[in-house]
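The chain below stands alone and is given in structure tokens; this is the form predicted alone.
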């Protein structure tokens, strides 16, 4: 068979394969949830890749970082550049792989890990896995995160070919799926998910009995891997327990984290005993009765943390750097515009229309 004959034989097949791959990609993109309303957390992971300038501080963890700290406030307070790679119910192995992914793009001086999620030592929920991992770019880090996170009934291939998972949404498609087929609006500012509404904490629920006080071995393994990863890249790891007062943070967990930090030479900051010093008031500074901070609480916690990072860790004030300052001026403008929009919604409707409200949020 001549070369020309081979081309005539194989060209149609190759074209069919290309068209099939394009169709699978297009339909996967169409049927995949867009997270532009309701539960916005699923849109956060992908936003990191749009960043224009590097960050001195990277946060990793669950809702206790992406709702309780405001990078814009840290910039305004001390010129600190930071980003929150947080996701809903982010398990520690997901934190590890998201951090590994971040080190592919930049070299932060400080990594801040919130320890609340160390109460989970096994995969928990496909829905939360999807919100955390679907937005990751294809890489060895994503493959590792998928393998570590999958629940019993999940298939790894469906994270790489979304149509295999979301084909059943075909009859549920809305205008949102078409509007955001090839673009997304930003839902965070530097990873911070803003809430300007207020729902005061009136009383704490009864504290459940802690059946198993021991933090699982998988958590200690991945915390060690996070520390080793930071050391490899010259970053300093800081452990924190954020300011949320519910779910309850047990003394048994606090003792284990404190002991681990002391043994491994890590700084650990528990913000719970610092509430009065920070100025947090859970009648005004929470939007869901103490589970998370709202904008006003997050700004207080962030200003406090920014001063601590600047004083104790010597982080540079970048407000005199024109290129970095220009990027953060854009972030500040986005932050202020988002706040104005939320305040207008609250005044007009009494609630934020773009959110699914209630204490069942991640």
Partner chain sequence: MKKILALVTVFALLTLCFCAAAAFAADDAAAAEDEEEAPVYGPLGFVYNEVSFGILDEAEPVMEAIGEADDLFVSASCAYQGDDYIYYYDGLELTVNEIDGVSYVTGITLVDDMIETPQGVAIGMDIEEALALMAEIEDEALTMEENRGVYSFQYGPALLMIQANEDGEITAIQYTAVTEED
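Residue numbers count along the first chain shown, from 1. Note that the structure is predicted; figures quoted are calculated from it, not measured.
What follows is about the form predicted in complex with its partner chain, which we do not show.
Using a 4.5 angstroms limit between non-hydrogen atoms, residue 104 is distant from its partner chain in the model of the complex. The shortest heavy atom separation between residue 258 and its partner chain in the model of the complex exceeds 4.5 Å. At a distance threshold of 4.5 angstroms between non-hydrogen atoms, residue 185 is out of contact with its partner chain in the model of the complex. Shown alone here, residue 39 lies within 4.5 Å of its partner chain in the model of the complex, counting heavy atoms only. Within 4.5 Å of its partner chain in the model of the complex, a heavy atom is found for not a single one of 112, 249 and 310. The chain is drawn here without its partner chain; in the model of the complex, the stretch among 294-302, 45-53, 58-66, 322-330 whose residues come within 4.5 Å of it by any heavy atom is 58-66. Checking 228, 218, 127, 181 for any heavy atom within 4.5 Å of its partner chain in the model of the complex turns up a single hit: 127. Taking a 4.5 Å heavy atom cutoff to its partner chain in the model of the complex, the contact residue among 210, 269, 196, 160 is 210. With contact defined as any non-hydrogen atom lying within 4.5 angstroms of its partner chain in the model of the complex, the contacting residues in 113-137 are 119, 120, 121, 122, 124, 125, 127, 128, 131, given in sequence order.
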